[in-house]
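One chain is shown next in structure tokens, namely the form predicted alone.
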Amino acid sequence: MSSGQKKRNFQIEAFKHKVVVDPKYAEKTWKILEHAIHEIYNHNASGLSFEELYRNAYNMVLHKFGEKLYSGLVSTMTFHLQTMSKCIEDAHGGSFLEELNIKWSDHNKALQMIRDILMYMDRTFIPSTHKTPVHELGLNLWRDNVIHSDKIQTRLLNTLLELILRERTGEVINRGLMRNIIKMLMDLGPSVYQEDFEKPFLEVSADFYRAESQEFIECSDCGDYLKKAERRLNEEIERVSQYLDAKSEAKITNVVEKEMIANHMLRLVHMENSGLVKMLLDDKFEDLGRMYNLFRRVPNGLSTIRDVMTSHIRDTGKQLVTDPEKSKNPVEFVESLLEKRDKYDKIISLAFSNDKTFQNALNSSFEYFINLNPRSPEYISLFVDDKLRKGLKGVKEEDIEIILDKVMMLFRYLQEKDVFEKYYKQHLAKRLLSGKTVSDDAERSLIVKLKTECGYQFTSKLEGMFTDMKTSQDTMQGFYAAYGAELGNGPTLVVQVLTTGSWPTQSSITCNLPSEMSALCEKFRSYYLGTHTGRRLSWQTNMGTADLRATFGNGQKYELNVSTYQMCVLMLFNNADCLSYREVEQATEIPPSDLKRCLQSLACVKGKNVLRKEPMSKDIGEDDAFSVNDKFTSKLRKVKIGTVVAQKESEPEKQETRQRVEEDRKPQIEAAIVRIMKSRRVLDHNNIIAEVTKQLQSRFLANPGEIKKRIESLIERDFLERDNADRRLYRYLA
């Protein structure tokens, strides 16, 4: 031990301290706090010292009297709530909810003050003993002593439901009071709101709307019923926003939707003279939009509308395309289709929110009924021909594009697109050769659209037609440069030289041209074959036109624009006053069907009858006689005499076109089979049929029987072979 250290003689082993508390302390302190709670509930809190009260409560907890404080609070609050409950029970009529609201407000104010006084107990004693916090305790006691009182609980529910019923029937109620009472139930916890109010509210609402919907549907048409349903739905949504729990919106709207819409869907859409079909026929956009918006809220609602709409479109579309009267005029036929399409496009856009499922249903419906008429491809091409010949004169460029887009829309519906292509090429050729196309830009625009749909193979020939037209102009300039002086003032000739592969196949139909024209044609032949080697010319006289100067008996002179056939006929009358049909036929050698149409246009069309026919009738007979109409007059100096033609093909022509289409399909089917088998090597019959059909569906709907024939042909030519064990299995031979 060093000299700097001192020995410690005292050391604390333990310390005990006793605090002596007055045995009556807890009782005295609680009495002070109890008195304060009474004063708070009796609205006499202004004279209280909350700081002193807080300190007293603090000391009780500190001195381990928290249990006494808590139990005293429960009994005191219970006493006051039972007193409040009695006052509420004694309230009569409309004052019942008002009294409940006042007492609830009083209790909340008192609870807030008590909570502030007992804050220390709330923070320390209650968590450590797992008791209910003061505010929650106050809500629970209110629930148990007031809301769940035998004389209040049922009365409260009935009063709330009665007020809602009165509001539904048009009365004005105190929404502010309703909001406070419902808010009280919500504050007491979700289970209180749901069990004491929401659940019975939904049940009563279902009964109400079930009865009302039955009453409505018996005395309303579909449109009026939907308006009432929409109004009820909006009322319930507004009711929720005004005084119910926001979570109740989905539940109450589900009730209205089920009782007013889902349970009556089929009856509404099929309602006679006012249901969905009637709305579609009458373009009731507002009613249709209302039906769509209401039905979309319920299961299978939209599919119900869609199915009825689809069925209606298919039925009316089938009537349209199979109506013999409609089929008489191809242009009107297609215009009817476009009007129908525009109508339903507008309905889907304005009433059905541009719903893609409805758009798809519309497309499938059009594809269904357009293909019921085998002449639809021909008619659509004739419609294009009409528009590009004369129908688009003076139309703005953007409007032309709209019309062409509509044509392409119908084209996409066609299962036999190759049939359309066949007719389109024929009609385009006639437009170009006659110079009657209204717009080269429109022609080229449609070719671009077709190229996008059909590919380069189709449009390359079309573009070749335009190239031939330009080349022909250059050829004629060369011809007149070489022979212009020699030809003098005689007839002029314009020739369009066409490449055989680019233009639709035409049978070489010749007729006996007038001698002066025949000589001129021979000069051109000599010129052309002299400047091009290895080529052959064949004249297509059925495609030409001519301008003639004509003088009639009264000395009137006109310039007639006629077809080549008409020119040949008229020139005969320079050397004869009257000719029979047989004499004209023998002299011109024009095919009978063409000759009859030619004579009909010259003799039977009012205002353009440059010939007279005996006997007079609309049809041409083989015993008819013809002479020049000396009394012919016209207001115009230049008279264009068209050829009377059927806009659509005759039955033999139709059969011929169909045969050419079928022949063109054979190599396409074979090419598809080879492509598939080259890739798969081995495949059974059914799968070949399915895959070929799928590959070619963008062009045409392949016939399984024709596919089978093409398979047999490929087997004969050693492209494929049958499996020895399974005859329905094919192998590709490399």
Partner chain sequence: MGVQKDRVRFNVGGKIFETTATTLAIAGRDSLFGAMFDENWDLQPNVTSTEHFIDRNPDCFAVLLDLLRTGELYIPSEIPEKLLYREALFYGLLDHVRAARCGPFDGNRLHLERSIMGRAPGDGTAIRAGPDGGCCVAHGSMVHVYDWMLEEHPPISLDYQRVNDAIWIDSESIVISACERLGRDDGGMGLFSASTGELRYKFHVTHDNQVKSYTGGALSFNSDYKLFSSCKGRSNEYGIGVWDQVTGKQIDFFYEPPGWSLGDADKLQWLHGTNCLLVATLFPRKDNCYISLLDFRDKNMVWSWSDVGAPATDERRVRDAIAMEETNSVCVVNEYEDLGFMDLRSSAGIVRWSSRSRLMKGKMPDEPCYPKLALHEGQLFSSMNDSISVFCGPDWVLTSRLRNSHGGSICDFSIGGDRLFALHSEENVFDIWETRSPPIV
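Positions refer to the first chain, counted from 1. The shown structure was predicted, so the numbers you read here are calculated from the model rather than taken from an experiment.
Heads up, the form predicted in complex with the partner chain isn't pictured, but that's what we're talking about next.
The putative spot formed by Lys606, Lys618 and Ile641 is not touched by the partner chain in the predicted complex; no residue has a non-hydrogen atom within 4.5 angstroms of it. In short, of 552 to 560, 89 to 97, 107 to 115, 442 to 450 it is 107 to 115 that has heavy atoms within 4.5 Å of the partner chain in the predicted complex. In the predicted complex, Ser46 approaches the partner chain with a heavy atom inside 4.5 Å. The partner chain is not drawn, but in the predicted complex it has a heavy atom within 4.5 Å of Arg123. None of the heavy atoms of Ser191 is located within 4.5 Å of the partner chain in the predicted complex. Contact annotation: Asn273 falls outside 4.5 Å of the partner chain in the predicted complex, judged by heavy atom distances.
Note on contacts: among Lys356, Lys635, Arg535, His130, the single residue with a heavy atom within 4.5 Å of the partner chain in the predicted complex is His130.
Note on contacts: among Arg55, Lys31, Lys694, Lys68, the single residue with a heavy atom within 4.5 Å of the partner chain in the predicted complex is Arg55.
Residues in 539 to 561 all lack a heavy atom within 4.5 Å of the partner chain in the predicted complex.
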